[in-house]
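Only one chain is shown below, in C-alpha cells, and it's the form predicted alone.
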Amino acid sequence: MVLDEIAEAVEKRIRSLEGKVDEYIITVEEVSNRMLKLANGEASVTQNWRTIEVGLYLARRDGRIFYTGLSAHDPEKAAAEAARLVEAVEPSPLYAPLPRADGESYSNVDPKIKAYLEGDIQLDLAGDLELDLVGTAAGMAELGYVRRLFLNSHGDRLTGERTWFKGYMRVFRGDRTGQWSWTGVNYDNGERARKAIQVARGLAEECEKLPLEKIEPGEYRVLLSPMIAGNLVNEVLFAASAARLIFAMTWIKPEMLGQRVVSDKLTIIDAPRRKDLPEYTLHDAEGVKTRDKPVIAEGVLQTLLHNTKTAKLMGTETTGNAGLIMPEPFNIIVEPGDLGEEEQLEALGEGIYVTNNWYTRYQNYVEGTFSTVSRDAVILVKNGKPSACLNRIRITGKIQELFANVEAVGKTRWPMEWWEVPKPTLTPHILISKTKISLPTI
C-alpha cells in the first residue's frame, strides 16, 4: 500500500534522528477528485486529479513544536529537514504532550462514487443533473474520495476513508442570477443537486420578472437563505475555536461559557459523526475520539472547541476538534425551527430576502464587527410578497448582535458547502428581526 510505504519511510527517518525529536504525528492522504465545470449552460471542462498529501507534526519535550507538509516525492529528505527546523523554533506556550490515539478507524464511502473514480463504472453527470433544462448557468459538480493513514510516536495507527458529492450552480436569466449549493456523501443519482439547481433557477426567474429598485441604507428585517446562513454560522463556530480566543481573533470570551450569546431560537451543533455530511470522522488530527456536541444550545454557549494544547493552556479537556493547525469544527448543524418554507415571506412581512453572499470580512475580530456583500438574487418583500429585485447590498454590524436578533428558524434544512461555506453545513432559512443594511460601492 502506497500510504503505508510513505508513512513507514518517514517514520524510519525520524527515528534515526535520535535526540532531535521526541514526539511525532504522520498523516498520509490519497485524494481522488473528478470535477465537472459549467459555463454558458454547457459542460466545459472535466478535470480529474489524484494527489498524495503528507503531513508531519514534530515536537520536543522542551516545548518546541513544528508542523509542515512534506513532498510525497522525497518524504524522507523532507522529514529530515523538518527535524532540523524544529530545533530552530522557540519553545511554545501551547506545547502539550501528545495524547494516545483513542479515536477509531472509520469508513463512510459511497461505493458508486469510489467505483466511478476508479474507472469501474460510468456516470452521466450532466444528464443526471438535467443541465440541458437549466439554460444559461455556471458552476461545478465534484465527486471525491479520500483515504487517510494516521501514525504517531506512541505506535498508534488509525485509518479513514470517505466520499463526497458537492457543488454549486449559478443560473442566469438576463442580468439576474440565482445560486444554490449542495453537499453529501453519496451520489443519489444527482437528486440533491437537481433540487439545488431548481432553487437557483427559481430565484433567477423570480428576479427577472420583478422591477429593479433601490433602497436607502438603514435597519431592515432580513430573511437569510441557507447559503448566507451557512456562511455566517461557519463564522460563529470558527469564533468558538479556543485558539482564536488565545490569539485574540474572536468576540467570544471564556466568561461567556454558560451564558446566552445569541437568540434562544438558535442551536448550533458540531457533528463530526453525522454520516450524511462529508467531514464525518471518528478521530481528529491528534487521533483523539470525536463527539457530536452543541456549541450553542438555545442561545447559550456550551463549549469552546479544543485540541490538547489549547485545553492544557486553559485548564480543561480536549473536545476532539484538533485540526492541522488549530481546533476547528467538522460538520455544522443548525437545529430546525417551526417556520415552514411557504410561510417565510409572510413572516418576513416587510423586509429583504438575501439569498447569497460573499466577501465576509471583519473590521474588528474582538468586537465581532463584520460586513458581507450580497450576491445573486436580493428580493425586496412587501406585505409578505416579492415586490422588487435589488442590486447588491451590504450587511454590517456585529455578528453576535445579528444572531441575537434571530426571530424565527425554518423547518426545512439544506446541506450546503461551497467556497463561502467551507464546512459542510445543514441549515434552514433564518429570519432576523433587524439588521443594518448599507449599499456597497463595488
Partner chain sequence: MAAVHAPLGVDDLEKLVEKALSLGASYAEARYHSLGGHQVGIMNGRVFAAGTTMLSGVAVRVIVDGGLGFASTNRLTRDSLERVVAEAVSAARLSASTVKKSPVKMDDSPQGTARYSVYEKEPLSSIELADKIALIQERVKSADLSYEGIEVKGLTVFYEELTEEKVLVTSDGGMVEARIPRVSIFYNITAKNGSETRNRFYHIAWSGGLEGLDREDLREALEDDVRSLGIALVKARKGPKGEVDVVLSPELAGIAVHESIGHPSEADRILGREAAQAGLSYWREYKVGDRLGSEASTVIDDPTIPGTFGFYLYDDEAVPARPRYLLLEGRIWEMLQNRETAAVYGVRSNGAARARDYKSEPIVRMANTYFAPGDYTFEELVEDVKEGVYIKKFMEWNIDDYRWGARYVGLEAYEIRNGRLGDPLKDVVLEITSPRFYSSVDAAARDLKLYPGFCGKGEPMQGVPVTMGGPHIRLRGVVVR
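Computed from a prediction, not measured in an experiment: that's the story for all the values here. Positions refer to the first chain, counted from 1.
The form predicted together with the partner chain is left out here; the points below concern that form.
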Assert contact_stretch over 199-207, 351-359, 275-283, 292-300 against the partner chain in the predicted complex, heavy atom within 4.5 Å, equals 351-359
Just to confirm, with a 4.5 Å cut-off on non-hydrogen atoms, which of 105, 186, 371, 153 contacts the partner chain in the predicted complex? 371
Position in contact with the partner chain when the complex is considered in the predicted complex, options 96, 347, 89, 80, heavy atoms within 4.5 Å: 89
Give a yes or no for residue 239: in the predicted complex, does one of its heavy atoms lie within 4.5 Å of a heavy atom belonging to the partner chain? no
Residue 118 versus the partner chain, in the predicted complex: is there a non-hydrogen atom within 4.5 Å? yes
Residue 24 within 4.5 Å of the partner chain in the predicted complex, heavy atoms: no
Under a 4.5 Å heavy atom criterion, is residue 164 part of the interface with the partner chain in the predicted complex? no
Members of 139-178 lying within 4.5 angstroms of the partner chain, judged by heavy atom, in the predicted complex: 139, 140, 168, 170, 172
